[in-house]
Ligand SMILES: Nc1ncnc2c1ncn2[C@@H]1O[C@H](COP(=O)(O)OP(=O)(O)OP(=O)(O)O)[C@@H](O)[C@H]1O
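Quick setup: one chain, the form predicted alone, written in structure tokens, and binding and motion questions come after.
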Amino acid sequence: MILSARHLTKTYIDSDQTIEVLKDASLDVQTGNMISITGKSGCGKSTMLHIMGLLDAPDSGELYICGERVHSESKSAPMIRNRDLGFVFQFHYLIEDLTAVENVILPMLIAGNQESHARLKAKEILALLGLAERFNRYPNQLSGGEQQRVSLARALINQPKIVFADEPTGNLDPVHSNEVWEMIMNLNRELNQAFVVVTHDVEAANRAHKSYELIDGRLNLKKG
């Protein structure tokens, strides 16, 4: 088991009302899993993803990653995030002054790898994602779909146990959206890469091995 989330709860205070976005939410992720989470806007999908990705802490509940109980404020959280977890968001968050390769190598450099080794690895992954001719292009020289593929390469560079994707195609047109989904599905099949994807795209979500819907703070298994 790579990740086990148990009975997570999360509450926010908005003016004078209390909003329970997660109530007893539980989820397990194993090697090679392709898991999707759907639900209405504001229902807590991103919150669930951020807690599992050690970007936020639950009010209660337990999170285990590779057998270690951990949360966003644990001393080991930064190391685990960089070593074991990859992230892709709706907006690519690429650094505009860096080339595709330079953006992708950042997690490896943070982990202490030599730049020459990181560059070779980045080029391998970018080529795998069909960007062999785009190594030295800047973000503003890439299409929306290409930019998101660069962010996907960045998420994969440290060979994470899980990649968390938060609306990875939400900012793309249908053609580029399908392009990115195909890349994610291929990486899951060919590399046995585990993904947890939050999406509004119900049709795409149904392609996952397991598909959950978040309703009233609880994860309900739809398929799997």
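When you see a residue number, it is the position in the sequence shown, counting from 1. Not measured: the values here are computed from a predicted model.
There is another form of the same protein, the form predicted together with this ligand; it is not shown, and what comes next is about it.
S.K.: Out of the stretches listed (65 to 73, 155 to 163, 174 to 182, 44 to 52), which one is close to this ligand in the model of the complex, meaning heavy atoms within 4.5 Å?
M.R.: Of the stretches listed, the one contacting the partner is 44 to 52.
S.K.: Would you please decide whether Asp16 lies within 4.5 angstroms of this ligand in the model of the complex, comparing each non-hydrogen atom pair?
M.R.: So Asp16 does not count as contacting this ligand.
S.K.: Quick check on Lys210: any heavy atom within 4.5 Å of this ligand in the model of the complex?
M.R.: No.
S.K.: Look up in the model of the complex whether His200 has a non-hydrogen atom within 4.5 angstroms of this ligand, and give yes or no.
M.R.: So His200 counts as contacting this ligand.
S.K.: Classify Ala204 as contacting or not contacting this ligand in the model of the complex by the rule of any non-hydrogen atom within 4.5 angstroms, answering yes or no.
M.R.: Residue-level check for Ala204: no, no contact with this ligand.
S.K.: Between 143 to 173 and this ligand in the model of the complex, list the residues on our side with a heavy atom within 4.5 Å.
M.R.: Sequence-ordered list has one entry, Glu167.
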